[in-house]
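The chain below stands alone and is given in structure tokens; this is the form predicted alone.
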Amino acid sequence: MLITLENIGKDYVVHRKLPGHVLKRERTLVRALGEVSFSIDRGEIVGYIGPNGAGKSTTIKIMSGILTPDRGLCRVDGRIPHKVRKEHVRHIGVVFGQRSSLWWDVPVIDSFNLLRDIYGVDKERYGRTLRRLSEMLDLGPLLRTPARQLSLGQRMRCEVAAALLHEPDILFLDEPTIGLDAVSKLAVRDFILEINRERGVTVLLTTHDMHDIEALAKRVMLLGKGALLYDGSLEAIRERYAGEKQLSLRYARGRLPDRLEGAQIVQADIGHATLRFDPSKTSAQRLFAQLSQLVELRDVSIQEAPLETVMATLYKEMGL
């Protein structure tokens, strides 16, 4: 496995003011992570999800070497990140959506050149990589602009490029599309898929945007209250928590009855109808077979429940 976490734990000390006292504070130990374990194979794109305060960013900081775990063992491509930070950062890229790696008052290209020197990237290799990133993320007109003059969407495209200038094997993305417009989100998603497909870059993605998860990750890990609550396929979550589905059909001849076994007719007109059914009680195939005996089907489509609704059901069941 490329990334392995074994019983990783991290605590923080928080000082809170005592009620009725101006100077006195109480010291509280807050558990951010408690014995979290998982493995990620080379070339995977994994969605790391959970509510605010679950410990997602803490996990990424441990894997990137920024934080030292209090308990357990973290290995990334054979390295223990916090023990070999300089060596480790040469092989990873990190994007924090709410923090910038660009220097605020200088043109973006100057920040890129400085990062080239920090990582010790060969000039010819750097030039080739920069041209490729500029083309894929449409950075041409932005490179001579100071970071403070960029829109949020433009800056995030530059942040992603900055994390990849040294061609890392692993990319940690913490809310990379936060606040972006639809066009910028699509550009970042397409780019992530392309580098994964072309170079096999391993990606761990944390986000509250379920469209990002749906577009990029087949596997998801759910973190809640510092513990790993689910690790598996997105499809399995859908099948268990999606609830009812909606089936729309168009037909040429025949007539639908007032009632169907295993489905509720929501709306019906001549040649068109909308049904609602529970996949746990009846299958779409069974419905198709039943309908085809009643009418001449011309077109059938099934609408899934929005992923946000599915995840809200999952969170509620797990008490998050």
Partner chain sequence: MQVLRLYFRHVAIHVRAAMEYRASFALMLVIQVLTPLSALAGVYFLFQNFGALQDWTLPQILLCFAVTYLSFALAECFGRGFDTFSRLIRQGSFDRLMVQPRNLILLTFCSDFALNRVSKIGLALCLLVYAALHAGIRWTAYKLLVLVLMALSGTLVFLGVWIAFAALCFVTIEGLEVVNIFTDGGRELSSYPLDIYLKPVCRFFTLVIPFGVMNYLPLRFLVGKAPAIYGLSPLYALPFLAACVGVFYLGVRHYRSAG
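Residue numbers count along the first chain shown, from 1. Keep in mind that this is a model prediction, so the values were computed, not measured.
Form predicted together with its partner chain: not shown, discussed below.
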{"query": "is_contact(Glu308, its partner chain) in the predicted bound form, heavy atom dist at most 4.5 Å", "finding": "no"}
{"query": "Non-hydrogen atom contact Ile66 with its partner chain in the predicted bound form at 4.5 angstroms", "finding": "yes"}
{"query": "Touches its partner chain in the predicted bound form: Tyr119 (any heavy atom, 4.5 Å)", "finding": "yes"}
{"query": "Arg90, heavy atom within 4.5 angstroms of its partner chain in the predicted bound form", "finding": "yes"}
{"query": "Stretch from 78-86, 185-193, 231-239, 217-225 whose residues place a heavy atom within 4.5 Å of its partner chain in the predicted bound form", "finding": "78-86"}
{"query": "Proximity to its partner chain in the predicted bound form, single hit among Leu73, Leu143, Leu152, Leu114 (heavy atom within 4.5 Å)", "finding": "Leu114"}
{"query": "Selected contact from Asp169, Asp110, Asp181, Asp138, since only one has a non-hydrogen atom within 4.5 angstroms of its partner chain in the predicted bound form", "finding": "Asp110"}
{"query": "Within 31-46, the residues that have a heavy atom no more than 4.5 Å from its partner chain in the predicted bound form", "finding": "none"}
